[in-house]
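Before any questions on binding or motion, here is one chain by itself as structure tokens, the form predicted on its own.
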């Protein structure tokens, strides 16, 4: 059922100008997508929500925009040349390649689904008297599955932390995991594959230098640490935020825009005094979860997930996960990166990258807490949370279905549709007057084609929070009918009040008031 919803969502994204397959007229390019006219609007609004919450609402966070190309030694220092790998396994029959860790994670998710199914059945059977905690600790089937999950989880976690590729394959064999395409269990050994895209910079073949498309935006922040700290006269603790493109040669790119080869990141590196990093890690965990939950998609649909395997540079790491139609998946990572990055760049560049602490009277390399969120993944999360198929009744009591995107008004690409009831009697001209008055503050759309009901449905599907209808009464008393997307309720209001009604609903102020 969830898969069906996801397929409909993907189709909806194309039909209503949100996301297109890249180079589609040439049969497309795998795991690369373009954003349509509505998609780019939503994407820009997500970026604005993040940027303003970081840079405008924290006096000690500033922004930069670093280049995609960087000196190749950057990636040697960061560890990406030697250690930016995925464990891959091939099925010999289908010739398809998979990430070994993802196959095992999906097996864990199947066991979780069995536990959830037992709980759902019991909820229906016992109703209000159902005690979920007691059921989970006493039901034999739940206990048996939980035991299986715990054992597999420990084995998987140990193999990841030991970088034991043989054990990863053995888990796949022991769990009898089959290829979804061929249905067979005829697997190759697991091996590592580097994810960076390499290219050449230079005018001649002999003089060309091998460089990489950046696989993350964070290193652009680290190599600019001193520039920002000195020119901004920044004192610890302070952060540097950035939004930018990154590139990874994902072999197993899938689930639409969830995992792509070209994507956009919103990252903030927060520089702190050594020894305080874990306190700041906890503070940023709370701050970031609050940012997600302020959108109103249900607190129960978010959770923290601790990493099974910490990166070699980290002393704490957690993901914010959202419940997509295909299960809980990461939308943001929060990491305590210690002083690894700045120390590495100090060593490889030969330049002193330190902070002089006037209170301590000494210099040291700051520690870093990172928050990293994928714009595209966040986009998919917002779309998945907003997509609805609702059964409604029309004015004659006839049952109908409407597809609606209940996007938070602050993020919706089109804020207002202005619809003349008929294409005559001065109504289109009046509609244009209203748009001319509002278009510098809100993205407005004019639509005069089809019946008013069809136009409402079209705007529901786009996610437009307000529709304003111009009728003959408008010409007499300067009032219009305003329709609210989520409730479909309609009010008669004066044209002069439209700006205030819309401004209050789509302002970032309301959403920022909810942030911790």
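Residue numbers count along the first chain shown, from 1. Since the structure is predicted, the reported quantities are computational estimates derived from the model, not experimental observations.
Below, we turn to the form predicted in complex with glycyl-adenosine-5'-phosphate, even though it does not appear here.
Among 179, 317, 331, 427, the residue placing a heavy atom within 4.5 Å of glycyl-adenosine-5'-phosphate in the predicted bound form is 331. None of 277, 267, 321, 90 but one reaches within 4.5 angstroms of glycyl-adenosine-5'-phosphate in the predicted bound form through a heavy atom, and that residue is 267. Contact check for residue 335: a heavy atom falls within 4.5 Å of glycyl-adenosine-5'-phosphate in the predicted bound form. Within 4.5 Å of some heavy atom of glycyl-adenosine-5'-phosphate in the predicted bound form lies at least one heavy atom of residue 248. Interface residue remark: residue 242 is not counted as part of the site for glycyl-adenosine-5'-phosphate in the predicted bound form, having no heavy atom within 4.5 Å. Contact check for residue 216: a non-hydrogen atom falls within 4.5 Å of glycyl-adenosine-5'-phosphate in the predicted bound form.
Within 4.5 Å of glycyl-adenosine-5'-phosphate in the predicted bound form, a heavy atom is found for not a single one of 12, 18 and 464. Just one listed stretch, out of 90-98, 256-264, 108-116, 408-416, contacts glycyl-adenosine-5'-phosphate in the predicted bound form at the 4.5 Å heavy atom level, and that stretch is 256-264. Within 4.5 angstroms of glycyl-adenosine-5'-phosphate in the predicted bound form, the stretch 95-126 places no non-hydrogen atom at all.
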